[in-house]
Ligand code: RET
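What follows is a single chain, given as structure tokens, in the form predicted alone.
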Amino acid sequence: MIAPVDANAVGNIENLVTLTAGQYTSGSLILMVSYGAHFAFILYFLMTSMQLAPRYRVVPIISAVVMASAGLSLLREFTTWQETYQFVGGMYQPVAEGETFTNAYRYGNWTITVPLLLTQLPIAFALARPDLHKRAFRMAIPALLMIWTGLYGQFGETGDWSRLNVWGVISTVFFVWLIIEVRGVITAGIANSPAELKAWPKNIWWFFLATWGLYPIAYALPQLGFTGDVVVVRQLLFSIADISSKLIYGVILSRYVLRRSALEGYLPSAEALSTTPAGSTAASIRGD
């Protein structure tokens, strides 16, 4: 029989909650699909880079790096999840053989990948190099502060709500600062985009708000109760946010720079956008 666990001795609620077979399997599948999806798209982004004008190739290459980093982190989460639970008396009991689960690996991965994701924006929008460097730096600072303060606060989710909420608010302040910086890059991107593509930065802005907004919801979710459903739903929210803000975001930016490359006269991009040789010229004009 698994011995009772002191709530103050563990960092995350996964170590305090007994799961049904369905809940445990759901959590396993969520994590497996998450790391599998990231690994699967590494080759996609590397191949996509070959179709782009040279100045834009780094955009999908960065996405490939992000996919590898996120995939490794989520694989570690999946392995830890399996090691943490033990099937006892028809239920999955946590802290099997002293192993504990932690979401801190996600925060460690975000420390690596979030600055890279943000740097992709000014590169894709073809901002001038000095402005690109300045804006990337100004986005990275609040992003890292947001991640690190959230990491510290989430260790209060096993019952110290004051720690969870105070540091959650502090993290949110940095998130608002980040949003302001991202909005500045989006505005510059709209101004610097070809007329045919000006809607893309606008749509990316709303996509950014929708996907990144899932993280604070998942952060605060443990306050609804220490139940198996909360554990599974939180892993689902984290994973949806990760796949959306990394993988789908990378695909969107890659398609944007593919169209931009075609509009700027790069023939391989125009050909990649058209299903017939005769259509490549028209595709380069329309940005299709």
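Counting begins at 1, following the sequence as shown. As the structure is a computational prediction, the values presented were derived from the model and not from experiment.
A second form of this protein, the form predicted in complex with this ligand, is not displayed here; the remarks below concern that form.
- The candidate site formed by Phe45, Ser63 and Tyr256 is entirely out of contact with this ligand in the predicted bound form, as no residue has a non-hydrogen atom within 4.5 angstroms of it.
- Proximity to this ligand in the predicted bound form, taken as a non-hydrogen atom within 4.5 angstroms, holds for one residue of Pro216, Gly184, Gly108, Pro194, which is Pro216.
- Listed residues Gly150, Pro142, Gly189, Gly156 were compared with this ligand in the predicted bound form; Gly150 is the one with a heavy atom within 4.5 Å.
- Partner proximity in the predicted bound form, defined as non-hydrogen atoms within 4.5 angstroms of this ligand, places exactly one of 196-204, 82-90, 128-136, 166-174 at the interface: 166-174.
- Using a 4.5 Å cutoff between non-hydrogen atoms, Phe78 does not count as a contact of this ligand in the predicted bound form.
- This ligand is not shown here, and in the predicted bound form it never comes within 4.5 Å of any heavy atom of Val95.
- At least one heavy atom of Thr113 is located within 4.5 Å of this ligand in the predicted bound form.
- Although the partner is absent here, Ile123 sits far enough away that none of its heavy atoms falls within 4.5 Å of this ligand in the predicted bound form.
- Contacts with this ligand in the predicted bound form, taken as any heavy atom within 4.5 Å, map within 222-260 to Ser245, Lys246.
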